[in-house]
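One chain is shown next in structure tokens, namely the form predicted on its own.
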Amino acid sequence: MKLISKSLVAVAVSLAFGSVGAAEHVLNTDVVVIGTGSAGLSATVQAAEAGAKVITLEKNPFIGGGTAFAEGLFGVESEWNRLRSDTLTREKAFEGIMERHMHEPNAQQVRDFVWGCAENLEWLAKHDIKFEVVRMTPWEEATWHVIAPYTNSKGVTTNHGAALVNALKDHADKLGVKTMVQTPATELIANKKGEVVGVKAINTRTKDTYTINAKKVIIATGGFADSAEKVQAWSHRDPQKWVSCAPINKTGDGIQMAVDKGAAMGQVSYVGTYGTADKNNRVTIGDMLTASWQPSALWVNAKGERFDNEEVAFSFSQAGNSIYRQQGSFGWTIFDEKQIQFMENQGVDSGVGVIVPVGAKLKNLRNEIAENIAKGADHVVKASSIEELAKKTSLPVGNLKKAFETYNQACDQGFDGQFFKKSRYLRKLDPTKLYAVKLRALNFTSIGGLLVNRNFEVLDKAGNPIKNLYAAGVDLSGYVGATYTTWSSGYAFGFSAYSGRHAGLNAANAIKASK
């Protein structure tokens, strides 16, 4: 048997783990953008088009971040709205957003976005991104500009948020942008005056390290919803009960790096949602999830008591809040055989974005329920009486019976005196043919962290800009109050692209002005 030399072992280890012989690199550029979601790529393309040399960093081995899960951007008085004769004005949109966010946001920041969102959509359209306006639910305005499919330079077709990502990445490539995936920024570099002059980064595969000297740095790292520690510390929510349903390594890196250099932190919030998840917090996707989004069911909490108007299902973020505040941060949605037949034959009243449109027929719902029950799942049950349902869900039978009696009386009368659900969604439940699915509070993404001025420059604790440092997207505080509202559909996605683009433009223009 031949002996394997130490040098060959070292080479093998290096190929496998990328940690032997890692190199140190020094790069120079005008702008570093941290993150490749809608905010980061909009900043990247706009800065490059304005003449800046750009390097873009992405911590994951793929681009896009949370944007890949988004579907459409907010817009009001856009060209697409005009062609539909939509009636919402910028003034009414501004008023509605401020009121629904309890006037907690920075009014000037909201005003800038509302007045600039249509032009921003036109800029995106010039980059091969196409839109169709969709009104998502009866609770929302026609502001949702859903993104059409896009085929990228490699012949791969994607839609919605992924289409925007791929379209902008193609344009970034044409502009000569250097995009470094699997290379998270680890630290902002500042001089003795506290001015940001670059970033430190590391390739997590090869372990190569980078010192990137830059005239401007833009943070667009996608929030902190996947960091249990930061969810607890920054928002005081229990991460085990407020579950990220799109976990893609969103750990607040950019926010933390800026705070480490003296940035002030502002209010944090979330785009909440809800759905079904098993005892291990694995979110289930499919017809059973869609069934849990229906306003015609009866919702009860751990006490077996009805706790809200089930029409809140139309506004998933608020529904997530409602469920989170219940004892144990869960509830049960209860429906019967007739409602399953309705969902199978007439289709659902409430869709799940545009992935499951209103009217979609849930032909696989029975199979999903049966399969989960057969596996002993704890988040779905079937019962032939209220007593059996109470036993299988561990709900107090007396309270559950009372909730049924009160609810069915409301259905008979066509009037919900408890929470005023519209009569069209009051559908009496047959207590001999019942189903229940557990509702869990979830979130798509966090919103908030850094405070910025109108130029998207990051502010310190005295309210002054940290020189050369910008931020965009859901890393920012100031445009959302304590809870996100879906009334202005696509608001977070739209603001991310808008803020990223203007951060990139302002950074590039500042470089030009300094020459």
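Computed from a prediction, not measured in an experiment: that's the story for all the values here. Sequential numbering from 1, following the sequence displayed.
Note that the form predicted together with a small molecule isn't included here; everything after this is about it.
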Would you point out which of 23 to 31, 47 to 55, 484 to 492, 460 to 468 contains residues with a non-hydrogen atom within 4.5 Å of the small molecule in the model of the complex? 484 to 492
Using heavy atoms and a 4.5 Å cut-off, decide whether 69, 185 and 222 all contact the small molecule in the model of the complex. yes
Partner-free chain; cross-checking the small molecule in the model of the complex, the single residue of 246, 312, 343, 142 with a heavy atom within 4.5 Å is 246
So which of 210, 307, 324, 444 reaches within 4.5 angstroms of the small molecule in the model of the complex, heavy atom to heavy atom? 444
Contact between residue 448 and the small molecule in the model of the complex at 4.5 Å, heavy atoms? no
The small molecule contact at residue 257 in the model of the complex, heavy atom, 4.5 Å: yes
Report yes if any heavy atom of residue 368 sits within 4.5 Å of a heavy atom of the small molecule in the model of the complex; otherwise report no. no
Wondering, does residue 253 line up within 4.5 Å of the small molecule in the model of the complex on heavy atoms? yes
